[in-house]
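Here you get one chain, nothing else, as structure tokens; it is the form predicted alone.
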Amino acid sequence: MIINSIKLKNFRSYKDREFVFSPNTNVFYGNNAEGKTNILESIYVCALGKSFRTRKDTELIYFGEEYGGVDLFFRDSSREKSINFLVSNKNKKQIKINGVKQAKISNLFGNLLVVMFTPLDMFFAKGEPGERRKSFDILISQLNPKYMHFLQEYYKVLEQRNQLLKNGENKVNKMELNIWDEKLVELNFAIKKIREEYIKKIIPIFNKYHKEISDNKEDVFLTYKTQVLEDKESMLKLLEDRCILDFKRGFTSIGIHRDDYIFEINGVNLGLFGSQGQIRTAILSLKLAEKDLILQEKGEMPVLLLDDVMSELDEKRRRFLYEKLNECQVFITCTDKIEGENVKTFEIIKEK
């Protein structure tokens, strides 16, 4: 999968700009706050329909303008394709794939495949469970279109159930609550099954890369931790047993929205006891494993987006990453110019 070019119109710091890319490595260098990350963000929104930096789409629009847009042109193994992303200051988004307007943002998933690596990923193992869920949800959604549909339905049902809980036990029709519980349990099992399937697939690839970079000194493992039980009846009973607590709190206290992913090295919890070096190695191995899993599942090599991560890696890990980049198209942001064979550089200076 190769991105040929991208046109930015009133997007972030770019009034009107076009970039034509190398099929190999593309480096955007310059001082901080010049707009390097904005380029990666424009690619990301075309792949996933939302930013990795903000929840407010209006922040993507050039200051003072009514709309902002991205036209991205790429090719996969079958043909040339295009994605058009447009957002207005009324917070409305419009997506077109090959010129055809899409009714759902989720239709984007699986068209342009990306793996994103940012400095914030270095806090991944020690951070909040929600961040880990989000990261794996993005990966799995690109691999399995049904997964995003199940997730969207789940959170709609969860919202409805939580609204009932906030009304208070005395004001809730138990029959209505049971209906939402039935739907919630079905979606819990559907999502859990898919998560387990893909975690099982990524673990051996993850461990392979980690062993390689740690000189076979460390075994890394990833555990999917869920409160979802093994059968429907038990799960419904658990929701019923939690009802008093849930009514008190005003939200559903159990389900896939509380799941977590635990990293271990040689049997030790990485988030609790891992060194910074171990965490950097694990996250680097995980991102490379995501790349391989996407290729394995989709038959397409994803595009790698590396936002200022070289400064976070020591020389050994940097060399290791460079060695693994030759097989795919890469976009790198950094402060210093990186030159080499098959590298195209762009000096980024903020537009006046």
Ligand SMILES: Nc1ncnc2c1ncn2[C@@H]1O[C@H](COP(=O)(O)OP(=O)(O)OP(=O)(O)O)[C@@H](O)[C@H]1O
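A residue's number is simply how far along the shown sequence it sits, counting from 1. Only a predicted model underlies this, so the values are computations on that prediction, with no experimental measurement involved.
The form predicted together with the named molecule is left out here; the points below concern that form.
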{"property": "Proximity to the named molecule in the model of the complex (heavy atom, within 4.5 Å), stretch among 59-67, 322-330, 279-287, 294-302", "result": "59-67"}
{"property": "is_contact(E312, the named molecule) in the model of the complex, heavy atom dist at most 4.5 Å", "result": "no"}
{"property": "Partner proximity in the model of the complex: R317 to the named molecule, non-hydrogen atom cutoff 4.5 Å", "result": "no"}
{"property": "Distance check, N31 to the named molecule in the model of the complex, heavy atom within 4.5 Å", "result": "yes"}
{"property": "Heavy atom of S51 within 4.5 Å of the named molecule in the model of the complex", "result": "no"}
{"property": "Residues R161, D181 and K232 all lining the named molecule in the model of the complex, heavy atom within 4.5 Å", "result": "no"}
{"property": "In the model of the complex, residues of 1-29 near the named molecule [heavy atom within 4.5 Å]", "result": "R12, S13"}
